[in-house]
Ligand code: GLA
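Starting off, we have a lone chain in the form predicted on its own, written out as structure tokens.
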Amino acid sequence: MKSNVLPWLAVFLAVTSLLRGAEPTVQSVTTRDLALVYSVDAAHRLMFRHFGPKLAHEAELARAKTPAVSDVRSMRHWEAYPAYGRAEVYSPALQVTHADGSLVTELVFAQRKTLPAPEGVTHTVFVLRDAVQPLTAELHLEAYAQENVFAQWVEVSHSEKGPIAIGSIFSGFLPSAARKYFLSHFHGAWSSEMTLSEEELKPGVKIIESQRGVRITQQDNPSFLLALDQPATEETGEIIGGALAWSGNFRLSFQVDEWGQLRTLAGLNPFVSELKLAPGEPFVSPKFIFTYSPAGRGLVSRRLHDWARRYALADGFTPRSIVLNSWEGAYFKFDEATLTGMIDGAAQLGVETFVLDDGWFGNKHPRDSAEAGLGDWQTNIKKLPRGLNYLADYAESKGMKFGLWIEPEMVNPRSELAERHPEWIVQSPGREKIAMRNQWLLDLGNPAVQEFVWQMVDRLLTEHPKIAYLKWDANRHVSQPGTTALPADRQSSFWTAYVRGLYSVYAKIRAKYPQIILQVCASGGGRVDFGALAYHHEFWASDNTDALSRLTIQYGTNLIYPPIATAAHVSTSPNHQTGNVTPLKFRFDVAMTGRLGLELQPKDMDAAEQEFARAAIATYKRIRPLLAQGDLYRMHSPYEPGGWVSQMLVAKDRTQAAVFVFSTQAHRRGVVPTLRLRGLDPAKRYKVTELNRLAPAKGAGAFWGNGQTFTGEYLTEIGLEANIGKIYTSAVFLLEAVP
């Protein structure tokens, strides 16, 4: 033991001797408008001091006295990254069982480093070391200057005499001091994802977590909005917004202590997830993304959207292709003629990409239902005798691109793959493999499975070079967790190994096929997180395509995630999920607030519906750059009384905007919404044009001033009065700045 500890102590004492007796020093990380400030105190701890607006005199923060490390009351003065042991009596950010059995970790500040980073980003590392054991925790912070967003994560390594066990390791720790705390978080289930809930936090611990392993965001999302002192509003109040960039089990913990102060932790879920690290073996946690707004949650959304488009989304500023997906128009029952007919109809409407969904593969076990074929990724020759290349060529001949649905992580028991490789299935030794949705889960933590999935996708894209779009689905969660790829004493690493194996396949696809559009889907919105989104262009927000439901689903989703990545499709009426009967215009207007697509059989539309659809698609092409490059402002929430929902997209230079308003209930005659617009230049004059009118040549439309010009000041302070009131009526307006 002496030979292990004494050299480490010598290094530690050399560092502390330099600091002994010195005044506390301030350590800040800043963006254009925000600052995250720490200080190193007399006990050599890195202490949290401030998160919020930049301070002109941040050096004054070093004057705050902190108690000795032996005083448990020091928890009122927060460590930057609290470890369990000496004085930490609350949920820690890090808990380690050392090689000698010790449960105590005391992190002291060793040094600050700056690492290379892209333009506009600073990458700061605070190196923290245990006071006794040779263990290092490097606290990483990326600051995105223009977006006013931070990312935090930690890397732990050691050189102890044997393995250590990490019981919990969180990516981020953010303390807050306010009179009250109001937490907005997101929950749901299949077809009702991202439902918003706000509650006041009381003394104790509020935990939001997932233990599903796969499609972890279908029930709870690893994101939140935290309002200080008063409930969140769109345009007022202090709000902290955060999200974990991870597609596996997560935990968000909010603990109000006995002093009324809040400790927020975000990171991996420690549930059955102990991590054993050999000497020299590092572990890196996922990134925790967060920002602050002094002016309501709308600013949080815009900052996260800007950050995501630049740093966490493929081609984030590029307008997206309009898609027709075959699923709700054909399901499993199609042949070549069915699909070419859909392509013909889609092309006539102005659609740009045709996506063939489930049912195209499997021969020994044909994929004619959800009961067979998953894992056997060969084209079904009975349904498609001329293969996928024929369909891709046919789509190209109609001026369209071709896309395909895959579900590489899953396998049906009735499949050639399951017959050949039972060891590749997630399983617990000696126990029956339980199927869900007639599916087993392939073990993506297994390098052999990773290679199989990569080779399958690579072969598919090589043999069919005109595939331009892949929809990657995942339709079950983890049960009976276990892997044949890890030894018995490492089985609890399964959860992180699976996600990192999945990410490694994503990364290979992105590297070799950067031009391929990738959509992430998991039974709908089961993988809406910044970890997966970094490899994709878009996500499927929900299998529920009902326009009324989508107003609520997309409202919650876009509080955190950008509209450009939110695939929103027009489907049939009555809706197959809800039975709601909504007009085609209402369905199009809702879908145009995201990445517009269709989920229907074009030939089932009558002539008037086809004419309107063509016009609406042409209209969308005019305004879709605003989704890719503009700012989102919300005026009416679906959670507010009144029966209105409204929002707008505004160009960064404030020369153009698109306004959307929806009536979700019947209103008395003469009761119409007034839209006090946001984000406009008060000095500019804007021409207002109504779009998507059902009968453009008849009537006054939805605005008495259609075609007229108004100042931004008028539209902001007085507002635009939309002439809609009946249930399921809607209006879209284009605002263009004029000289």
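None of the values given here were measured: they were computed from a predicted structure. Numbering starts at 1 and follows the sequence shown.
This protein has a second form, the form predicted in complex with this ligand, left out of what is shown; the following refers to that one.
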{"item": "Of 521, 499, 426, 592, the one that lies within 4.5 Å of this ligand in the predicted complex (heavy atoms)", "value": "521"}
{"item": "Sole residue of 471, 287, 527, 303 within 4.5 Å of this ligand in the predicted complex, by heavy atom", "value": "471"}
{"item": "4.5 Å heavy atom contact, residue 475 and this ligand in the predicted complex", "value": "yes"}
{"item": "Non-hydrogen atom contact residue 88 with this ligand in the predicted complex at 4.5 angstroms", "value": "no"}
{"item": "Contact test in the predicted complex: residue 437 vs this ligand, heavy atoms, 4.5 Å", "value": "yes"}
{"item": "In the predicted complex, residue 327 touching this ligand (heavy atom, 4.5 Å)", "value": "yes"}
{"item": "Which of 415 to 423, 640 to 648, 538 to 546, 602 to 610 lines the interface with this ligand in the predicted complex (heavy atom within 4.5 Å)", "value": "538 to 546"}
